[in-house]
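Encoded as structure tokens, the following chain is the form predicted on its own, with no partner shown.
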Amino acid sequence: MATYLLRRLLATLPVLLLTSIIVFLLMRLLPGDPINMYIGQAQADVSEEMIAQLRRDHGLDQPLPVQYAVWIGKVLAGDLGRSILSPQPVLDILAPRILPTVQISLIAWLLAVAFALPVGIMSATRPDSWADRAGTVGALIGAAMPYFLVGGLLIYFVALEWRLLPASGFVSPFVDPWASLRTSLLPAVTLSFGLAAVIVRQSRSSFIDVLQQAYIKTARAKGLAEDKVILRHAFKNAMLPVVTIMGIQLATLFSGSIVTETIFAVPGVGRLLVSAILGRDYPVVQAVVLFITLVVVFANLAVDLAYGFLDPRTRQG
């Protein structure tokens, strides 16, 4: 197992390297100069000598290959650089933003799995029933509704009309756990809609396919109860494609958080990424994208480990 984990981790290095090159080049291709934007925010008259000095301080006067080599060398040494728009180190800016995004994303993922798996299994075991139709229609609605629409409706009804939950902001669980949960629920529910829709559709089709296999018919012919047939014989095989979707969606929740955190004014990674892109803050954008890439890589690694639990043949391979 240790050798397998090491091999998988080493395989992620080219992915991280390629991602770093792409985001580095894309940021330089965007129109707008970060130094000019910084000066514009300061609203002060700055001489050409001072502008040239600022470029030298941030290494922007160097050729692109040199800029990349300097940046990636610092990253490997644990230094993400300093923000162009503020005097803070990038790590000090990014670190407090991780907790809100991770907490909301995990709550959304757990809500989606807890709701979607039972609905998908029930739809598969009772095809063409009212429950199956309701689950299918609900999944289509959830997949079709964009984040900003779901978030806007939840803010209007739950926060403004019914006054059940706060409409915006975030409270750390280390400060007030109950208030933290209340501020996390609306953005988490917003994110969970699309995820739950995908899991319902995938789990339904996967269980329908597995329940038609010969060994399931044999288990039923032996007189096993339906719940034992599903849990003991069908569950692990049917969950293989579902686990793949769940792992991918857990990683893509961070992309959905960009919209959701903006709607609910959550000081998370997604909102930081938006403000950094608008301000052309190269070091911050590069650090956030690398963080999201790491989340995707480790989510895929978790899916591979889950395969080994669900199917011993993958462990042997």
Partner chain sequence: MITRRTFLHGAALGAGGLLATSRGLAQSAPAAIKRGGTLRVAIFADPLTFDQHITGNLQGRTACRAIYDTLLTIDREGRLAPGLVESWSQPDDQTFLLKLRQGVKFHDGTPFDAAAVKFNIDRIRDPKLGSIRGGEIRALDTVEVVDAHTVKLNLKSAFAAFLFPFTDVTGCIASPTAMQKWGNDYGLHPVGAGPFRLVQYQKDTQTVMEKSADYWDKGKPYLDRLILRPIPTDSTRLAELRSGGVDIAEALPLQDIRRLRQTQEIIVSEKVGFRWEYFGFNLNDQFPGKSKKFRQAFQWAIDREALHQAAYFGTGSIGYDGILPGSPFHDPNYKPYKRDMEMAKRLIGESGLSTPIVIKGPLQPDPVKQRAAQVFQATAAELGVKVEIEQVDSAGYRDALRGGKMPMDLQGWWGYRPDPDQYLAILLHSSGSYAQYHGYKNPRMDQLIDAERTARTEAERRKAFRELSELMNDDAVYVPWHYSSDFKGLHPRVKGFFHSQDAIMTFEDIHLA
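As the structure is a computational prediction, the values presented were derived from the model and not from experiment. Numbering follows the first chain given and starts at 1.
From this point on, the text means the form predicted in complex with the partner chain, which you will not see here.
Whether 36, 50 and 169 all lie within 4.5 angstroms of the partner chain in the predicted bound form by heavy atom: Yes, all three are in contact.
Close approach of residue 88 to the partner chain in the predicted bound form, 4.5 Å, heavy atom: Output for residue 88 is yes: heavy atoms within 4.5 Å of the partner chain.
Heavy atom of residue 262 within 4.5 Å of the partner chain in the predicted bound form: Close contact exists here: in the predicted bound form, residue 262 approaches the partner chain to within 4.5 Å, heavy atoms only.
Touches the partner chain in the predicted bound form: residue 159 (any heavy atom, 4.5 Å): Residue-level check for residue 159: yes, a contact with the partner chain.
Non-hydrogen atom contact residue 278 with the partner chain in the predicted bound form at 4.5 angstroms: The answer is yes: residue 278 has a heavy atom within 4.5 Å of the partner chain.
Listed residue that, although the partner chain is not shown, lies within 4.5 Å of it in the predicted bound form (heavy atoms), from 93, 150, 197, 188: Only one listed residue qualifies here, and that residue is 93.
Residue among 248, 46, 289, 60 with a heavy atom within 4.5 Å of the partner chain in the predicted bound form: Only one listed residue qualifies here, and that residue is 46.
Per-stretch contact check against the partner chain in the predicted bound form, the hit in 68 to 76, 124 to 132, 239 to 247, 159 to 167 (non-hydrogen atom, 4.5 angstroms): Stretch 159 to 167 is the one.
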